[in-house]
Ligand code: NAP
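Just one chain follows, in the form predicted alone, and it is written as structure tokens.
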């Protein structure tokens, strides 16, 4: 097992990509902390992991709150004695056409998707610096490195806020890698393309979902859409010691998006 005796925190792991990531890390031997703002989702995922024989604890946290994050890190370190891995996955979207996007639409996305990453890394850094070891992966997005239209095949219109936040995550990753590297900490980013999750159908009809999938398939060189496991496996590599000489990098996991290469 690649992560035996490691301790990992995954934010936004109550559902979707975060849930797939936290389960994959647990499968490879890590003791995991399921951290999410949704307490019910946290309890469900922890229960599933424990049923599978994994070591997991839950923590309800809002990544916009520094005090909650400090408590998360202190509680984790107190229970397990160390924190080896942090995956910053928590995120929200508020898709609106640019001309009608308001302050609330902009602020909530930047606060969670970008500032939340900054807060989380700042909160965990003291523990990783002390042990001179740490693996941090920030989940960005294909939207953060290209300007292709978002409003296609049933997609909600406009993502200027989300694209700006995720582009910020990419640059923040590089800066953090530079500052934390001398302390033995690797910082990298993963940029998912279109990944099929339950959220795909939350704002679309079944016909729109099918149309959306076909459009996204055609935009990749592999001619398929992604699965949460595709992202989880990529994160697993970056937090393992197999990637010990990789830092400050962006790994695009998007099937070869021809509109964002």
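Keep in mind that what you see is a predicted model, and the values were worked out from it rather than measured. Positions refer to the first chain, counted from 1.
Omitted here: the form predicted together with the ligand. The next part is about that form.
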- prompt: Quick one: is residue 46 in contact with the ligand in the predicted bound form, heavy atoms, 4.5 Å cut-off?
  reply: no
- prompt: Does at least one non-hydrogen atom of residue 209 fall within 4.5 angstroms of the ligand in the predicted bound form?
  reply: no
message: With the partner left out here, check for me: in the predicted bound form, does some heavy atom of residue 62 sit within 4.5 Å of the ligand?
response: yes
message: Check residue 221 for me: does it contact the ligand in the predicted bound form (non-hydrogen atoms, 4.5 angstroms)?
response: no
task: Would you mind picking out the stretch of 82-90, 98-106, 127-135, 176-184 that comes within 4.5 angstroms of the ligand in the predicted bound form, counting non-hydrogen atoms?
output: 82-90
query: Which of these residues, 72, 112, 172, 121, gets a heavy atom within 4.5 Å of the ligand in the predicted bound form?
result: 112
query: in the predicted bound form, do 146, 160 and 256 all put a heavy atom within 4.5 Å of the ligand?
result: no
- prompt: Judged by heavy atom distances of 4.5 Å or less, which residues of 1-36 approach the ligand in the predicted bound form?
  reply: 12, 14, 15, 16, 17, 18, 36
